[in-house]
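In C-alpha cells, one chain follows: the form predicted alone.
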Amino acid sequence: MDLDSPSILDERLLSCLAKEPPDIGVLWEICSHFEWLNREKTIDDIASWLGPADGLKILDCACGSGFPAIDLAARGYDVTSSDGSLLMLEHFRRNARREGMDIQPAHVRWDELSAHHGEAAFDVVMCRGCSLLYAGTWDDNRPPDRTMLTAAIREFVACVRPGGRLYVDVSSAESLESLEPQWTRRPGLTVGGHSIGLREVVTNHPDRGIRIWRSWLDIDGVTYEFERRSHYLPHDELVDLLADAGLVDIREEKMQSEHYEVFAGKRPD
C-alpha cells in the first residue's frame, strides 16, 4: 500500500514515525490505520448513535491518540478527553495540533474518573479501541487483575448522568472462541519514503483470564517487538459486569464501521 502521493499521504502516520524508537502509541496509530480504514464512515456512524450535538456532553475516557474524540469535536460535539497513559496523550496532542484543534486532554486513571470529571456529569461515556480489556495493564503490561476491570466499569457508570449512556467496545466473540494463536499480517505501507510492516498474534488463555497480544513492527528494515496482556472477557461476562454496575437496557450495537464489537447500556433515570 503506497501512501507517498501527496493526495493520499496520511500525515498522521508520517508524523508519528518521528518518534524514535517507536513506542506503544506509534504501534497503536499504525494498528488503528488498518482497523478503521474508513474513518469518516466510523465517525458518521458514531455521530448517528450519539444523536444531535446540541447540549450533549461526552466523556471519552480512553481517548488514546485522539480518534474519534478530535473528529467529534470538529463536528461540534462537546467532548471531554482523558486517558491514563501519558504516552498516548503525547500522540493525542500532536494529532490535535495537526488538525488545528485546541483540545487539552487530561491524564486521568480510570479509578479517578468520577473524582476528576465529576459524578453524573456526562450524557455519554465512551471507552473505545478495545481499551477496557487493558484495565490496569496497558503501560506496564502487568498481569490483569479482575478487580481493576470491575472498578473501571463502575467508574464509567458513575460519570454517566441518570438517563445517560455508556458505549464500550471489546473483542469479537469469534476471536474469543479460538484457543489457537490468531495471526495477522498487515499489508505493507510506504509512508513518506518509510517502509512499514506489521505482524500480530493474539493468544487466548481462558483458564488464566488473559489474552496476549504480540506485535512486530518493521520500520525501514528495523524490527521492534511489543507485547501486551489484557483481560479475557467473554461477552456474557461483560454484560454481567455492566448490569452489576447499575446499567439497564444493555445491548450489542450493530456498528458495521467499528472494528470491535460495541455494547451499550443506560443508567436508569
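Just count from 1 along the sequence shown to find any residue number. In this text the structure is predicted, and so the values were computed from the model without any measurement.
Not on display, but discussed next: the form predicted together with a small molecule.
Counting only heavy atoms and a 4.5 Å cutoff, which of 160 to 168, 176 to 184, 123 to 131, 97 to 105 contacts the small molecule in the predicted complex? That would be 123 to 131.
Could you confirm whether Glu155 comes within 4.5 Å of the small molecule in the predicted complex, counting heavy atoms only? Result no; Glu155 lies far from the small molecule in the predicted complex.
Is Leu149 a contact residue for the small molecule in the predicted complex, using a 4.5 Å heavy atom cut-off? Judged by the heavy-atom cut-off of 4.5 Å, Leu149 is well away from the small molecule in the predicted complex.
Contact of Pro144 with the small molecule in the predicted complex (heavy atom, 4.5 Å): Pro144: no, not in contact with the small molecule in the predicted complex.
Verify the contact flag for Arg109: yes if a non-hydrogen atom of it lies within 4.5 Å of a non-hydrogen atom of the small molecule in the predicted complex, no if not. Answer yes; at least one heavy atom of Arg109 falls within 4.5 Å of the small molecule in the predicted complex.
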